[in-house]
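Here we start with a single chain on its own, the form predicted on its own, put down as structure tokens.
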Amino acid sequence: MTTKTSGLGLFWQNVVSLPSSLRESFARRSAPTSDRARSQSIFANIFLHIHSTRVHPHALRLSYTWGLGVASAALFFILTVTGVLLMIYYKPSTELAYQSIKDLHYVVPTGRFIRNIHRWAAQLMVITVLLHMARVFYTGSYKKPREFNWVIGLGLFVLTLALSFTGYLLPWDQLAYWAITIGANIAASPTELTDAIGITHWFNIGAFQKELLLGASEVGEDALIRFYVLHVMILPILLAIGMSAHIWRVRKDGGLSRPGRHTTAAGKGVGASQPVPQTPSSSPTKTYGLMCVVKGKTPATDQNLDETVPSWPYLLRAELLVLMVFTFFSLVLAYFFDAPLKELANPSVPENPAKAPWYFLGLQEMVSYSAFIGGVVVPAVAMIGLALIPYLDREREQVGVWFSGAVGRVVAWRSLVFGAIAAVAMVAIPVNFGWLRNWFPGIPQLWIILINPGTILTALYVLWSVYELKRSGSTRMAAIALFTCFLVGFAILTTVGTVFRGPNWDFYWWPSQWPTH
């Protein structure tokens, strides 16, 4: 005989079970207690679905990845959170922007600290993305079938720089105003070439690019609004989409590259120097379906379940650790170092020296010789060259090995020395002896544009790569030589622009030698 529950009693039972009902409606699964349950949780969770259910221990090795890809994503998350908080007080107007930053700095509770975190997280993200790209290159992780993901990664690198650069203008102080003025002049630099060949009056692409960037002929209200929209909406959305595609393709290409893998009939894995023919006896005997969750009769994955570990908890725990470490770094930097804020932007009082953000100071060094070559041609050639590397280096060799072995390490060291000597020479010669205009006062401007330290340095690096190609007969070694040269050249020119350039972009050993008024 059953006891009938009254309506009031039924209501009370629902109230008592309310916490569990809410929890069950939110989470489709209870806390997993087995590897299979953890795999199913990842597979069924929209936020964790970007992970594979299992991962090879090699991908967790700190000495292989250094957690740089995860660090970049973690810093983007920190930037998004702090950026949204800053948007509450920031006013994108030339009349109010500077004052709103000062309010954040001095009035809003924790405003200065949040702005500092945003500032240092952005700097760290530029560094981690750059180092992540170098790690992927030196381990040969751009090889088939990951060629296009390398191109996506380059796009993310450009978006990261653009995101940081557009945020530079928002404080609307002297530092921001004149740094963006330099960027706008680089955009207008093709006029330098069209002037030299006398076609500017009917084809002024430089002025068009500058107006497209600023929304006007000079840095002002239109530029501030344009940079604000790019910084808070368009570029973050593009970056989030690109990161999703980047991570998704890593997963679909078999996870992080690692040595000892061979291309399989299913297309997974990474290229190998000597493809191993699969015979019925040597083919994988284990097969897994439903993302390795359930065993069954599916195409062989070449993954031995016993050689992998569940992503939950091993990978998720490592990712959480990286997030905590870089959050800690951002907090420490934000505590000890304030984000810079100079005087209110004044178009009639130029900064001297006016310097771009540090990651563009290498370009600014070359721009000082020719804005068109240093600001447009060399960066374009470098980016196109980097994008084509996976398609020009088709050697089937072991990937996931730093520098592709001992020979690659020797080539990298040799290229580092050559690249450093060439970069120092291209700075020292103009500083000590001048350049073409000093030697040949009547030389046409076109020669000044085309033959300058930037073009000479780029040509030397390309010739060095060709030399390594002929010497070793390996496109991989040639790629290592070229990439290393550009990397060390970028580091040296950035150092010169940061430390040794003073008023009027003259060379000084120490800032204490700068002229005083």
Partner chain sequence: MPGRLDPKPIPRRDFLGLAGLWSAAIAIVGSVAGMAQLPKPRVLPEAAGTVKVGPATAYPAGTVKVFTDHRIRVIATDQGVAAMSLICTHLGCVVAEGPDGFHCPCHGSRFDAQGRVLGGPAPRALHWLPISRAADGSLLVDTKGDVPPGTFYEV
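Residue numbers count along the first chain shown, from 1. The shown structure was predicted, so the numbers you read here are calculated from the model rather than taken from an experiment.
Another form exists, predicted in complex with its partner chain; not displayed. Remarks below refer to it.
**Message:** V81, T110 and F329 - do all three of these have some heavy atom no more than 4.5 Å from its partner chain in the predicted complex?
**Reply:** Verified in the predicted complex; spot residues all out of contact, no.
**Prompt:** Is there a non-hydrogen atom of I237 within 4.5 angstroms of a non-hydrogen atom of its partner chain in the predicted complex?
**Reply:** No, I237 is distant from the partner.
**Prompt:** Counting only non-hydrogen atoms and a 4.5 angstroms cut-off, does F507 reach its partner chain in the predicted complex?
**Reply:** Taking the distances in the predicted complex, the answer for F507 is no, it never comes within 4.5 Å of its partner chain.
**Prompt:** Does at least one non-hydrogen atom of E218 fall within 4.5 angstroms of its partner chain in the predicted complex?
**Reply:** Residue-level check for E218: yes, a contact with its partner chain.
**Prompt:** Looking in the predicted complex, any heavy atom of P353 within 4.5 Å of its partner chain?
**Reply:** Judged by the heavy-atom cut-off of 4.5 Å, P353 is in contact with its partner chain in the predicted complex.
**Request:** Using a 4.5 Å heavy atom cut-off, indicate which stretch of 124 to 132, 137 to 145, 316 to 324, 175 to 183 touches its partner chain in the predicted complex.
**Result:** Answer to the contact question: 175 to 183.
**Prompt:** Of F208, W402, W358, W248, which residue is found within 4.5 angstroms of its partner chain in the predicted complex when only non-hydrogen atoms are counted?
**Reply:** Exactly one listed residue reaches within 4.5 Å, namely F208.
**Asked** Taking its partner chain in the predicted complex as the reference, which of L386, A97, A371, V411 has a non-hydrogen atom within 4.5 Å?
**Response** Exactly one residue meets the criterion: A371.
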